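Below you will find one chain, with nothing else, as structure tokens; this is the form predicted alone, and questions on how it binds or moves follow later.
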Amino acid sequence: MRTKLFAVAVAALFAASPALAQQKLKIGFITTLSGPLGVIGKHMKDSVELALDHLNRKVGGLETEVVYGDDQAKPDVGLQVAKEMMQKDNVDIVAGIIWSNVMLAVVPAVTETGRIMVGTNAGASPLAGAQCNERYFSTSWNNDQSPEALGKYMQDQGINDVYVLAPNYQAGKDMVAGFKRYYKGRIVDEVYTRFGQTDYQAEITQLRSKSPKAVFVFYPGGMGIQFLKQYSEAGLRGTYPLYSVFTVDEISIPAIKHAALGQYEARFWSPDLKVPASQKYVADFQKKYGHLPVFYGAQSYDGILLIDSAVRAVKGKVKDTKGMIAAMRKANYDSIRGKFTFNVNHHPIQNFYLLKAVAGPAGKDPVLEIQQTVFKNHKDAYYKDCKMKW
């Protein structure tokens, strides 16, 4: 009888093992999926789905469900979505978020529950500095870094008298601060517009009256499309050269077409980056969706691969937060940006490039091409304020 009970217990143990191996991983992915800004969120969601395809729909070898939430580009809505994901959907990890003000609202709510938050766009400066958290990782950048690269390029080119425009929220202020950190020429004027604004006629008239040598702007998503169209229609493109960050991209170019030609951007990634993981991502994204991916998607794809690397490292024990954090810090996966390391604040140390919008293939839209590397292994300006030690 005792032998029989032992045999039953052993059989039960072996039967339980596969069940443990098949436990489900739940990821809450928050982005903007409605309104004019929803086009960004769609690129992010599509790239998450492509990452899942590449992982055979199993992150870290576990059956995976991604719960998508729409923050409507509002901090209070984003916070509510995050809470519902954790309380009702019982997600293991939260990821995503486009806007810095939304990220600042969501991160504390997620990390105080002991969960890990993987940001795949917003790079609010406080989270890279004094408010850094061991349970918060970024697969994008700190807001200041791309404008720092563009500011350095414009400074090196001896461009003086620059007019500056950005939306009035955390990221807008961070972008301008980064630009001015490396650009030491004269700022003709520094104008902050309403977040989500679509009519820039008054600002363009004011800009024209100041006759700057060049213009620096940060207008992501639908804001950028409207600004670029109105800037071109006003005939300013040939008069006041436009330099931008997160404005001319694979989302805005199909809408503005020839108005993008000749414009400069600075970024950590571009679809033409010669990195194997990036080339696979770009090719498969085009095959699946019929158009080029944008950086919002690339870094969201990276976010899923980062999570995958950590879940594999802890052998599916997602509740092992210390083990997950230790694994993520190694950045042991094939990133679309190539090999990189995390800084002490869990933000990537990475390259930044100067891009230019050039004519695409015959009959096609313009494309962005890398012109030069502005920064190699660039660290953000805030990591010294982060008190984490590892």
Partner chain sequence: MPPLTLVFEQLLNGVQFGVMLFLMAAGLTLVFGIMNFVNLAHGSFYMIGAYLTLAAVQWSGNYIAGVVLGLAGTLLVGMLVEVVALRTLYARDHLDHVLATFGLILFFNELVAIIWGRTLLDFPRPEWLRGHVEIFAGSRYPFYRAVVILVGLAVGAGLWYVVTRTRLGMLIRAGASNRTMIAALGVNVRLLYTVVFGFGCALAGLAGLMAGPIYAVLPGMGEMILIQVFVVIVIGGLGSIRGAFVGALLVGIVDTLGRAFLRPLLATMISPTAADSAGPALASMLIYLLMALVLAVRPEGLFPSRGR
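As the structure is a computational prediction, the values presented were derived from the model and not from experiment. Positions refer to the first chain, counted from 1.
Not on display, but discussed next: the form predicted in complex with its partner chain.
No residue of the trio 118, 279 and 320 has any heavy atom within 4.5 Å of its partner chain in the predicted bound form. Of the heavy atoms in residue 308, none are within 4.5 Å of its partner chain in the predicted bound form. Although the partner is absent from this view, residue 135 stays clear of its partner chain in the predicted bound form, with no non-hydrogen atom inside 4.5 angstroms. Taking the partner from the other structure, its partner chain in the predicted bound form has no heavy atom within 4.5 Å of any heavy atom of residue 283. Taking the partner from elsewhere, residue 192 is found to have a heavy atom lying within 4.5 Å of its partner chain in the predicted bound form.
For the options 33, 331, 51, 325, the residue carrying a heavy atom within 4.5 angstroms of its partner chain in the predicted bound form is 33. Of the candidates 160, 157, 113, 206, 206 is the one whose heavy atoms come within 4.5 Å of its partner chain in the predicted bound form; the others do not.
Heavy atoms within 4.5 Å of its partner chain in the predicted bound form map, among the stretches 144-152, 264-272, 297-305, 246-254, onto 246-254 alone.
Shown here without its partner chain, the chain has 197, 198, 199, 200, 201, 202, 203, 205, 206, 208, 209, 222 in 196-223 lying with a heavy atom within 4.5 Å of that partner in the predicted bound form.
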